[in-house]
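Below sits a lone chain in structure tokens, taken as the form predicted alone.
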């Protein structure tokens, strides 16, 4: 090798006989009856200088290649894909929606030293074309029935109000969520008015600013509402409204990456784990699993990367159930812990954009009718978005995101036009469909570890309110991982244990 290196250390001298003449002549004569032209031109010193410059460049490239081939170098004959994730990470977050990136941000925010926690976020859909985050209606409200959800909303509203203090990045534009502070307006019929009163008491006790309105008060405040059938209304006075989901997602993502979080476009398709067997006091044998690595499949490729990790966060939203199935959860004997699946599945919801120049106008709140139909203003040009959740027995096919326009005509428009007569004349200008990460057990979040997988943390099952709770949920999950318990909000009621004991925490205000 040293002899080869010495051979490369040659001096570049004049290439005698190659360019010693300053004149090049192309001479042509009559050959076989054809005339060939004669042309002369001078090369001068510039051509000689270019030649030596190119030669020196080639020699330098040869020296570099020789150095790369020496023992201990990083040279490899294989091409390295720059998009591959690292081979090791402390924490792998599966799911790059707003919840996943919020967790990544809080993990980096809480680390004791810069780079102390290596966080990798894996997202299979870099366009977010099917992401629940960006396909949602973008609302935030305190009007829930459970104290945990109310406290999550209050904490998230405070975070959003001061978002640039949390997520601002040096030399980047300030974050503008385009927040509309117009509140939620829930309407109740006689059959459910008592539930609204109970919820109101819970919300006020938790610190939410909400007021109850009689039909007369409702008509005075919002004269465009038809109060027929309405017995009671509940209106959010502050910290409620709607904002741009895409901006919040990108703000979390941008800030987390600036703090050292790593993003990867790919899909987790397999886990490597160890298994140990324990016996319960009832004599039941349980397989305890500990994840050692995840397999990240690159998009549109056979290439993949195993990533060793200490902790996995399941923030895969509507498809989080598939991750637990890879670990055998839900496939054990019935009535056993391993036989209970993660009760989260995708549920398709339609959002319709309608144009109604004579609609309610700029003071339109986020209206929720007791029929299940909702509507809110979209922008300033007489546009509104509307929709409704279908009946349980009429859930649409969730294998695609195609929009059913007949659902609007049969299930949305009649109720919408009855409650707000101005909407009798409207035009549907566009529509889209998105997925809820629907918790079929009690329509509430599942946060924390699984009893049989002690290093997988759940942050899923929000059933439509993951976006609005993402700032507070991200902080809570980071506390669980790094501190070992909750420090700010106690969300232990949302653990997987309630599913094992079959004790649902039902949220009665699901939109």
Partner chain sequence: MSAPLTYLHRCCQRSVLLVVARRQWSTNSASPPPLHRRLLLFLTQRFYDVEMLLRWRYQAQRSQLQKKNVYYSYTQRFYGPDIASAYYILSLKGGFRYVGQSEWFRTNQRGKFSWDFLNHKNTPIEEADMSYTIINYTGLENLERQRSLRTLKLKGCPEVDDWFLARLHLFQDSLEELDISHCPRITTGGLAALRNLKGLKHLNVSSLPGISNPGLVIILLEEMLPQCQITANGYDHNLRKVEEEEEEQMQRQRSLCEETKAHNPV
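Numbering follows the first chain given and starts at 1. Since this is a predicted model, take the numbers as computed values, not measurements.
Although it is not shown, the form predicted together with the partner chain is what the next lines describe.
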Although the partner chain is absent from this view, report whether residue 179 comes within 4.5 Å of it in the predicted complex, heavy atoms only.
-> yes
The partner chain contact at residue 326 in the predicted complex, heavy atom, 4.5 Å = no
If you check in the predicted complex, is residue 190 within 4.5 Å of the partner chain, heavy atoms only?
-> no
In the predicted complex, does residue 84 have a heavy atom within 4.5 Å of the partner chain?
-> no
Candidate stretches 275 to 283, 311 to 319, 118 to 126, 158 to 166 - the one whose heavy atoms come within 4.5 Å of the partner chain in the predicted complex | 158 to 166
Of these, 141, 253, 108, 377, which has a heavy atom no more than 4.5 Å from the partner chain in the predicted complex?
-> 377
If you check 221, 405, 88, 194 against the partner chain in the predicted complex, which one has a heavy atom within 4.5 Å?
-> 221
Mind checking whether each of 393, 436 and 444 has a heavy atom within 4.5 Å of the partner chain in the predicted complex?
-> no
Go through 431 to 462 residue by residue and record those having a heavy atom within 4.5 Å of the partner chain in the predicted complex; state none if no residue qualifies.
-> none
